[in-house]
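Read the single chain below, which is given as structure tokens and is the form predicted alone.
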């Protein structure tokens, strides 16, 4: 993006921030729009959506200890701040220092913690010094009841993705649940791609792992369902709208996978 384009975008977002303040939209846990780097969609609405998924699909309760893998700038932390009680806790980590710094300054440190992972990722942290395929999550074994990975595996190549899934299961207590979102390659999604009904098209979708843009593989990565099942004890799958399903019949944009520890 050119300097002029970045300047125009910054001015537009600052104008939206000013309009939000004028309309009384001043939730202290919603970051200014110019800092919302976690993807498309309404920040609060998407966070509230995933709180519902965690409760309905992953067994979240107000007493749960929750790990948010790739927590961004607190999109899911915000609704959890009002849901978890004094016995519950939240930990999140991310590669982007902006989100970690912003959240650490706004959430209660006795129940919410945020850690920076200086990991190399061409899309989100190209100057990172550590490899995601070797990164050990900074938490003990059996530390959490629920783990969340939204739009994380979709930006990791296979060695890193497999390692992240293994680490997520490691830090979950027996009986805990992982909620992770994917672009899953299966008969339905491949047929939808051939019919040009999907919102994303992946190169070589008949392979085990496929990317949307070979020049920037981390932009969007899809995995064959069998690849996922070989690495996780899959409890359920909720297909997403990305594959051309109507919104009324899908819970979210990406496919949701619930796995058991």
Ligand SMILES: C[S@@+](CC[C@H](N)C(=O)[O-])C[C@H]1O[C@@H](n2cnc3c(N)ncnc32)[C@H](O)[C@@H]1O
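Numbering follows the first chain given and starts at 1. Every value quoted in this text rests on a predicted model; they were computed, and no experiment measured them.
The following text describes the form predicted together with the named molecule, which does not appear among the structures shown.
Partner-facing stretch of 165-173, 103-111, 183-191, 89-97, counted where any non-hydrogen atom is within 4.5 angstroms of the named molecule in the model of the complex = Residues of 89-97 come within 4.5 Å of the partner.
Taking heavy atoms only, is residue 59 within 4.5 angstroms of the named molecule in the model of the complex?
-> Although the named molecule is absent here, residue 59 would stay clear of it in the model of the complex, with no heavy atoms inside 4.5 Å.
Does residue 179 reach the named molecule in the model of the complex if we count a contact as any heavy atom within 4.5 Å?
-> Because no heavy atom of residue 179 falls inside 4.5 Å of the named molecule in the model of the complex, the answer is no.
Taking heavy atoms only, is residue 70 within 4.5 angstroms of the named molecule in the model of the complex?
-> Yes, residue 70 is a contact residue.
Verify the contact flag for residue 84: yes if a non-hydrogen atom of it lies within 4.5 Å of a non-hydrogen atom of the named molecule in the model of the complex, no if not.
-> Close contact is absent here: in the model of the complex, residue 84 is far from the named molecule, nothing within 4.5 Å, heavy atoms only.
Even though the named molecule is not shown here, does it sit in the model of the complex so that 198, 245 and 252 each have a heavy atom within 4.5 Å?
-> Per the other structure, none of 198, 245 and 252 touch the named molecule.
Using a 4.5 Å cut-off on heavy atoms, which residues of 142-156 contact the named molecule in the model of the complex?
-> 150, 151, 152, 155, 156 sit within 4.5 Å of the partner.
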